[in-house]
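You are given structure tokens for the same protein chain in two forms, set apart as structure 1 and structure 2.
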Structure 1
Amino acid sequence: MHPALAGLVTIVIGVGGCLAYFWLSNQFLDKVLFPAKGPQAGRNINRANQIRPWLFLFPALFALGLYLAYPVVETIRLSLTERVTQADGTTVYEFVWFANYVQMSADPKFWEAMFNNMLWLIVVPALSTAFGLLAAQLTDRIWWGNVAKSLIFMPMAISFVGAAVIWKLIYDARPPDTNQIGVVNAIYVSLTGNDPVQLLTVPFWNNFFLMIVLIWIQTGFAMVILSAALRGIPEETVEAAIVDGANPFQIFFKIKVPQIAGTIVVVWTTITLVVLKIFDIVFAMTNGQWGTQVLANYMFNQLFVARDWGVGSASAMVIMLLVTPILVWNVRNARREMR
């Protein structure tokens, strides 16, 4: 069957199936299992209403459990096992305790990835939030601010792979004494007269060239959220500051920023989550060569290039561990809100 047709059939079956499931299961509950008539009508209605939420929830819970909760458990298990092919050709998973973690921590590439990820974690959320805050504050005060916002926000829609191509063109280097077509080298050569530099191969600094791509994408996100927060600041606090003779910088840093600190933290953590999982940009631009490895790409290499599921799962667990503080914090916030 042609894939497009299969897609169409899937939509029909998927959507139709979901609707049919919800409708039929409700019918079954109300008409067959606990009919709202006869001597026990009242009790039946109550029972049906106790079960109904679970009918509504079942498909979602099933999918969540299978596609997100189960993998967490399974990854823990895999990270503690080694895949062994036996003499008769079957594979078994042998329990090896922490051998995979030990093996991983002996790999310099892993520590390179850890170090780079920490760099990313410091630089990208900080700069994205700072630029976002700057853009939000500036665009809020001019009549064409919405157009400007929309344009700064636009990279959000571009895939990491697309962004990788866009920025590779910017970082491009041609042989010396020919016209440079990458803008960075064109400026560098015309200013200094030095030979052009293959920017993505310069150790250490190339990490920052990759980070710029993500900052470029995430600034729009930070700007949109922070701009809404800035608008929510009570006018009186700003007016009181003006009356007291504060200059615009004081107003911004001493009046506005403290009031949106909560939102800044949310933006910061959201971008942190993106950074922890960053894969596409590194994969497409350097594939971890020249000292630019990051955890997610390291893991991908272990899983699908080296085909070592044990170490791959162990490195996935490292990412999970790094995410856990944010997870706990989010859950606690959500619970506090519901009370």
Structure 2
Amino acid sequence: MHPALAGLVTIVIGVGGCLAYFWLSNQFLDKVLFPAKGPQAGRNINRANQIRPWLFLFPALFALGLYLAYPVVETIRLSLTERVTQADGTTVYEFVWFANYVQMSADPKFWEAMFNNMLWLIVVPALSTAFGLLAAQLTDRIWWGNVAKSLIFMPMAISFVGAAVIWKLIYDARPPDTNQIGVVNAIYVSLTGNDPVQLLTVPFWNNFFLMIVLIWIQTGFAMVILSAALRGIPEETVEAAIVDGANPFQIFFKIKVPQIAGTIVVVWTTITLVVLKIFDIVFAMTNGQWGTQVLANYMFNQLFVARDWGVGSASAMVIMLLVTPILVWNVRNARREMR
């Protein structure tokens, strides 16, 4: 079957299945479970109306359970087991409890990944938010600000892998006797006359070269959100500060920034969630070599390279434990602002 036709058939079956489910479930509810007949008719109608919303929610709850809750439970189970291949070729899973976590904690690569993730957490959210705030403030003061915003936001349309390929070419280093196609090394060689440097292999600093890619992408996101927040500041407060003799820096840091502090925190934490799960950029540019390992890439290597499902699942649980508190805080903060 042609892929386009298969996709169309899938959509038709999916939509038809949902419509059939809603119709049949309501018929069962109204005709069989709580029929609107006899002396209990009023009571049955009330009961049916109480249950009816859950009929509509059930498909979404089922999908969430299937694609979110079940993988979490299965990952926890795998992190507590070890896959053993028996003599007859069959594979069994033996419970080893926390042995995988102990093995993971004894692996230097895991602690390298933890250190690098913490380094990313310190640098990327701070610089992305700062550059986004700076861009939001400056682009609102120039006549071609909308064009500038479009250019700054454009990297958000590029996938992480695409951005990694672009920046890998920018960092590229060719032999000294050939023309440099990497912009950074071309400038470096022309200005200093030194040999080109393989920037992605320089210990410690190569992590910052990788961070630049994510900062480049996330600055546009921060700029758009913070620009909207800046435009929501009441003009009266700014005009009052000008009348009192405040200079532009005082207006920005003492009047505007405190009023959008909540938005800044939301942007910061959102980028933090992205950083904790960062994988594509590291995988595409260094694959965790030369001291650039991060938790998500470490998990990938354990699961699909070393085929160690126990340690790989344990590292996945570490990522989830790091992400969950920030996610919960973000949700609570959003609900508080909605109230």
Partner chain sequence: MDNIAGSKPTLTWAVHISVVALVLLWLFPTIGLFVSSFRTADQISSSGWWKALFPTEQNMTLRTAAPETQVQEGDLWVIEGNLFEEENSDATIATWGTSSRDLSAYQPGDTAEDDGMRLTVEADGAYRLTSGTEMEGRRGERVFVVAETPPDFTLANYRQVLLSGDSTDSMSKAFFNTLTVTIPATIIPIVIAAFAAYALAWMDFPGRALLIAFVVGLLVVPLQLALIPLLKLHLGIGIGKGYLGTWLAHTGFGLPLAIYLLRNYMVGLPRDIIENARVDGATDFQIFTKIILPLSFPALASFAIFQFLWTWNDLLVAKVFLIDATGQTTVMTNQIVELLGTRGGNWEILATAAFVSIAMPLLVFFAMQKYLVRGLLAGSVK
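Values in this document were obtained by computation on a predicted structure and should not be read as measured data. One-based numbering along structure 1's sequence throughout. Here, rigid core means the biggest group of C-alpha atoms that superpose within 1.5 Å across both forms.
As for origin, structure 2 is the form predicted on its own and structure 1 is not. Here N44 counts as shifted, since its C-alpha moves by at least 2 Å between structure 1 and structure 2 after the core is aligned. Core-superposed comparison between structure 1 and structure 2: the C-alpha position of F279 differs by less than 2 Å. Relative to the superposed core, M299 undergoes a Cα shift smaller than 2 Å between structure 1 and structure 2. The Cα position of F28 changes by 4.5 Å between structure 1 and structure 2 once both are aligned on the rigid core. Lined up on the core, V331 has its CA atom moved by 3.9 Å between structure 1 and structure 2.
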